[in-house]
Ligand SMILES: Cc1cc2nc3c(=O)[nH]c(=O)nc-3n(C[C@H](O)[C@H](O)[C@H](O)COP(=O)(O)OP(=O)(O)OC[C@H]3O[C@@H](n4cnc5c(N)ncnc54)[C@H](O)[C@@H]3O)c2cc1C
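A lone chain, given as structure tokens: the form predicted alone.
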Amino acid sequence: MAQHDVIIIGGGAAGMMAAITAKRRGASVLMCEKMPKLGKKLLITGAGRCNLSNDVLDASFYNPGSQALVRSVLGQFGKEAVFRFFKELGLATYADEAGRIFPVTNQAASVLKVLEMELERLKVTIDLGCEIKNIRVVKNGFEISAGSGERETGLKIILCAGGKSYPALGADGNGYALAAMFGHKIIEPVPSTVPLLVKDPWCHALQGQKLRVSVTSRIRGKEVRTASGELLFTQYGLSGTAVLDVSDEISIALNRDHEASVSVIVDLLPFMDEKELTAELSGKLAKGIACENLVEGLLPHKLSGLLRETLHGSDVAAITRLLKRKEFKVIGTRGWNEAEFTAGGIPVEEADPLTLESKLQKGLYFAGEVLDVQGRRGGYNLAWAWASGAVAGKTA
């Protein structure tokens, strides 16, 4: 049983970055990954294109409670450092109109390949199919035990076991149990960036319909966040980029806080204000256009029938209110198989903001989604994985 300087638990984005960083500074590194291959989840990020980072990268794009820690980590390994790292690996990238950074190949496999090539060049020891069940403190650091009975010892441990989204790709929350062995509290993980469950006749009637809208989350009577983008009506409720972008607080309210008063307000015509819409509808009525045809040319034809069923008469003010502030009560979210990220995990207050070392157990470090850090869509969660992996790998 060999003694390693650093044992990394988890072979995702944060784990690979931590391994490369630690090995480059001369440490002997063992990386343990439960799946038969590294980076399984990385391959599906950015719809298979791998949204590496964002051209505008700072702590304001992360959940409020994590921002002090994120600011410290990004101060050590920020946007330019991520860019340099991948450029040195030979990966060419570009930024789209929204500032999202992608490989020029538009293939996540390209990102994974350059990381694997660097791990191989550095001769990092990788143990695949190795699920860690226990960590205990021993005289010379830590001893880890795998489900197969295998044991290894290391001076330091970096826990990069991820969250709970996409469990088929290896994310089952096992890292939380390992952290809890050392007294760490776990903020209840809930699905994040996830479609919403809504029971509304509109969802059934418009199933499969996509619209460009503005969506605002409303919790306990207070409007929380607004996002513009795509809305997709589904058999179970609402999805699409605009919905995913406001879903984090909704999921926490419903799944963790068991709050009943949760809804989303949809502006179906964000390119017109209420005054403009009122004038448009009034003008059509003045021309003798029937009430059920007022939205023709503004919204898909299916909406005409719904308006006829929802509203009786030609009350322009009521139609305007409905189109600009259609409210859907949210009764739940889809599950882990459809959630892009995890909200919850190890509290950021329990990690040193400069090193990411546990404040409860010397020699234990954290990186990636196992901490209670959630970025918005747009490359922010992968940016956190790279940055936290680099900081933990540098300091462990």
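For every residue, the number given is its place in the sequence shown, counted from 1. Computed from a predicted model, the values in this text were never measured in an experiment.
The protein also exists as the form predicted in complex with the named molecule; that form is not presented, and the subsequent description refers to it.
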Contacting member of Thr45, Ser28, Gln67, Gln361, with respect to the named molecule in the predicted bound form [4.5 Å, heavy atom]: Thr45
Single option in Ala179, Leu254, Ile132, Leu303 placed near the named molecule in the predicted bound form, where near means a heavy atom within 4.5 Å: Ile132
Interface membership of Thr333, the named molecule in the predicted bound form, 4.5 Å heavy atom rule: no
In the predicted bound form, Thr21 touching the named molecule (heavy atom, 4.5 Å): no
Contact label in the predicted bound form: Ser217 to the named molecule, heavy atom within 4.5 Å: no
Distance check, Ser165 to the named molecule in the predicted bound form, heavy atom within 4.5 Å: yes
Interface segment, criterion being heavy atoms within 4.5 Å of the named molecule in the predicted bound form, picked from 182 to 190, 198 to 206, 280 to 288, 154 to 162: 154 to 162
Stretch 16 to 41: residues contacting the named molecule in the predicted bound form, 4.5 Å heavy atom cut-off: Cys32, Glu33, Lys34, Met35, Lys41
